[in-house]
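Take a look at this single chain, the form predicted on its own, given in structure tokens.
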Amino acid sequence: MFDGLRDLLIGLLGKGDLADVLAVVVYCALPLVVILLYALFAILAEMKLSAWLQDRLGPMRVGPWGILQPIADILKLLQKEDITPTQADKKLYNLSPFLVFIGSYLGFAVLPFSAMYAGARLNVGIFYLVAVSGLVVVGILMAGWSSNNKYSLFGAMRSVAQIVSYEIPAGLAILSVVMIAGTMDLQTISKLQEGGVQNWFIFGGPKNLAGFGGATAWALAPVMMIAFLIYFIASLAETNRVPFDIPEAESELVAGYHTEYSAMKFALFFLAEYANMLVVSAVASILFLGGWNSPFGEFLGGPVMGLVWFLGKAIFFVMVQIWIRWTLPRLRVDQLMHICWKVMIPFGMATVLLVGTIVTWFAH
């Protein structure tokens, strides 16, 4: 897709560095456009879904049925005063919201949105994705400490402990897929699942994968379903969503690590959270649910429909995360750590061991 975009710009502007630079800028800016449009939709969906689940109407004043409410909220945040606390570490305080958003945005670089569009084809794409997510942890801790606020510091400490802990079961679930696929390239993992829903990794992976046959895939299916469940639960904790939202616990910590933030700095934290939700949902769809592949094989496939399937699967999981928020209560800190270290990590290690055993057994 990059070459096609570059050729189009060369045809319009002529050969030269300008066409190359514009091609890179457009190519890199596409994920940002996706994030902004998706955020408007997700904010409205959160308000409306929460209202319907509580037998309310939700926002109804701005635009038809209140659909322009997210735009009104953005305009409100743009007009608010940007306040920096007197006793805050001003440099770190002002930098942290940008660092959190950058950590979220960098994850989009390796996501294959369709067979024709992936920002960067890295053969260690999933490793890169896990690595850059660490910037979010650094930004959150920086925000909590630099605010010079006890609520912010408590929220940041909780968030860091939670994210670092739940990266382990999430990594084990991801490793289960990598062991079967034999690659960390997300585009290759997506292509391996072509041919219909029966070839998705949640059902054991492609039935004609080199090295083992259909019997191996069917034997792997129940194990991979457990791996998917582990990843999805861990992704809720990674994004600080209910029932793992103790870093922001409003009833205890006011707003957690972003208590002191206002105006567009607060909006950046808000945007980063929704971007993170989309990233973890997209990774779930790529690793377990075929990515941009149609569940019907070649029917309703192709590059354009691939983009529709990819975004549809990812947004579906975002909607599930929103639904869970308004359904389940918040866990205590001890319960959160118990689930991670005594339940999910042992199950994650068991899935890795079983995947290795089954693949080795059938391969020989």
Partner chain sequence: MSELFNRTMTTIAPAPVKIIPAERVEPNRIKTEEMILNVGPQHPSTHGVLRLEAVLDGELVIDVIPHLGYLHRCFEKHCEAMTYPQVIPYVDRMDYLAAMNSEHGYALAVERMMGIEVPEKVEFIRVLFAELQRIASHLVAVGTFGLDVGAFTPFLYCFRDREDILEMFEKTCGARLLYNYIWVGGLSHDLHPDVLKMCRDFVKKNRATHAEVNNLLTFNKIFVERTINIGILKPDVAINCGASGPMLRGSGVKWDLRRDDPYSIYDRFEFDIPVGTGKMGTVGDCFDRHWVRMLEWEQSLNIIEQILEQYPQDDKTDVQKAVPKRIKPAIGEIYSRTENPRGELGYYISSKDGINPARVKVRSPAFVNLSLLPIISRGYMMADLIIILGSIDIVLGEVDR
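Positions refer to the first chain, counted from 1. Note that the coordinates shown come from a computational prediction; the quantities given were computed from them, not determined experimentally.
Here the subject shifts to the form predicted in complex with the partner chain, a form of this protein not shown in this document.
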Pick from 323-331, 59-67, 306-314, 39-47: which stretch has non-hydrogen atoms within 4.5 Å of the partner chain in the model of the complex? 323-331
Mark Val254 yes when one of its heavy atoms lies within 4.5 Å of a heavy atom of the partner chain in the model of the complex, and no otherwise. yes
Might Arg158 be said to contact the partner chain in the model of the complex, defining contact as any heavy atom within 4.5 Å? yes
Heavy atom of Lys91 within 4.5 Å of the partner chain in the model of the complex: no
At the 4.5 Å heavy atom threshold, is Leu53 in contact with the partner chain in the model of the complex? yes
Given a 4.5 Å distance limit between heavy atoms, list every residue of 122-154 close to the partner chain in the model of the complex, or none if there are none. Lys150, Tyr151, Phe154
